[in-house]
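Read the single chain below, which is given as structure tokens and is the form predicted on its own.
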Amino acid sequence: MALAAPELSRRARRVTPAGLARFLARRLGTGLVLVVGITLVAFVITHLVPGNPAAATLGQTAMSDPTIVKAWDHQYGLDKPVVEQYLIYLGKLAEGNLGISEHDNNPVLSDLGQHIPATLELALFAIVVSTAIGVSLGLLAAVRRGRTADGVIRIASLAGVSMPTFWVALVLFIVFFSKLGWFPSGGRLDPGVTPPATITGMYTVDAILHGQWSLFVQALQHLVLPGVTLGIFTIGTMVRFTRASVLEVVNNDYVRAARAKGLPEWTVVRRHVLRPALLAITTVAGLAFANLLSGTVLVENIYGWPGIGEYAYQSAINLDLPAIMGVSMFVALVYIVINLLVDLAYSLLDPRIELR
């Protein structure tokens, strides 16, 4: 008779501290190589893009004066050979210096520090809501396979992944702000409202930490429309993957054995079906969260959300090379860290999986 999933877990090899240290060392080494490779690709691409950073920053009037252009190029090292520029950038990067923005003359690291908390807050809201709804609906669809509920959920999930995000943003904006007036139009707080004193940079969290509950409610209201806009696509994806993962597990021998023992159906699903299915669900949720953290340009522009997506857009239209490189670095680190956390989550969900 096949072993039940909990028995397999108890007999599995446990992760040792030495094994975890070796795994982390290998992954950090690989991540370092990837970061350097990504900086090289981003550096080459940004220098191949047609356009003149000096013209984008100084304007046509200043561009007519060669002395000003020469001084500007010298200030940002653009008068040096491209290879030398890249080596200088890597040297500064090793010191934790991402350079100075050519657009606002602020350190890129400082600019990222101002925009990352906004995107992190929005991404956390979207992923928590979409995962809770998506997994629940996907589980219900799998349990009710072939019935009306399954069909309705599958159609809704297909619609969720098919609708363009910018179109969903515009529809929600028109309906829930312009027509019904239920939620604010954009931004993180109402105009003229003072944000809470910065602790994490996330207004909802900082408002709670300071006990400013009315400010928390207002910040949460501003999160709803952009968060739901981002969450609709993720909900559709989570529903489809959860349903498929559960259906792969539900006919295993240990599930049939649990049912034969007379356990209630919900207990069987919760103990013997959902946990093995969580491996695939964790992968999808991790990648979705990384995608949200990487910046959602259209949604942040539509709702006036001052996050990484908005910063990346402004950097691109201004040909701000240090800022573009800084955003590229941030996106690379997000995916490296999220993939590392997903692999660690695998070993927690199923100790039979060995970290390599």
Partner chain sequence: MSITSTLGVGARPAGSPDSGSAATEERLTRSDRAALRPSWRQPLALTGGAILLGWVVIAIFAPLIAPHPPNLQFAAPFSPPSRRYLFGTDELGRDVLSRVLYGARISLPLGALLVLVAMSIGSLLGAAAGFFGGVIDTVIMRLADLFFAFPGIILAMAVAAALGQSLTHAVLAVIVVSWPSYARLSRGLVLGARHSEYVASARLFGSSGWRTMWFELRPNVAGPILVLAALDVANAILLLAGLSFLGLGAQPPAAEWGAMVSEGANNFSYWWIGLFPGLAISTVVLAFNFVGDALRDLLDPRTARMLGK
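Numbering follows the first chain given and starts at 1. Computed from a prediction, not measured in an experiment: that's the story for all the values here.
This protein has a second form, the form predicted together with the partner chain, left out of what is shown; the following refers to that one.
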{"item": "Contact assignment for the partner chain in the predicted complex, among Asn97, Ser162, Gln221, Thr198, heavy atom within 4.5 Å", "value": "Ser162"}
{"item": "Contact check for Ala25, Ile338 and Leu344 against the partner chain in the predicted complex, heavy atom at 4.5 Å", "value": "no"}
{"item": "Interface membership of Gly151, the partner chain in the predicted complex, 4.5 Å heavy atom rule", "value": "yes"}
{"item": "Contact label in the predicted complex: Gly304 to the partner chain, heavy atom within 4.5 Å", "value": "no"}
{"item": "Non-hydrogen atom contact Ala288 with the partner chain in the predicted complex at 4.5 angstroms", "value": "no"}
{"item": "Touches the partner chain in the predicted complex: Gly29 (any heavy atom, 4.5 Å)", "value": "no"}
{"item": "The partner chain in the predicted complex: contacting segment from 103-111, 86-94, 222-230, 176-184, heavy atom within 4.5 Å", "value": "176-184"}
{"item": "Residues in 301-327 close to the partner chain in the predicted complex, defined by a heavy atom within 4.5 Å, in order", "value": "Asn301, Ile302, Ala312, Tyr313, Ala316, Ile317, Leu319, Ile324, Val327"}
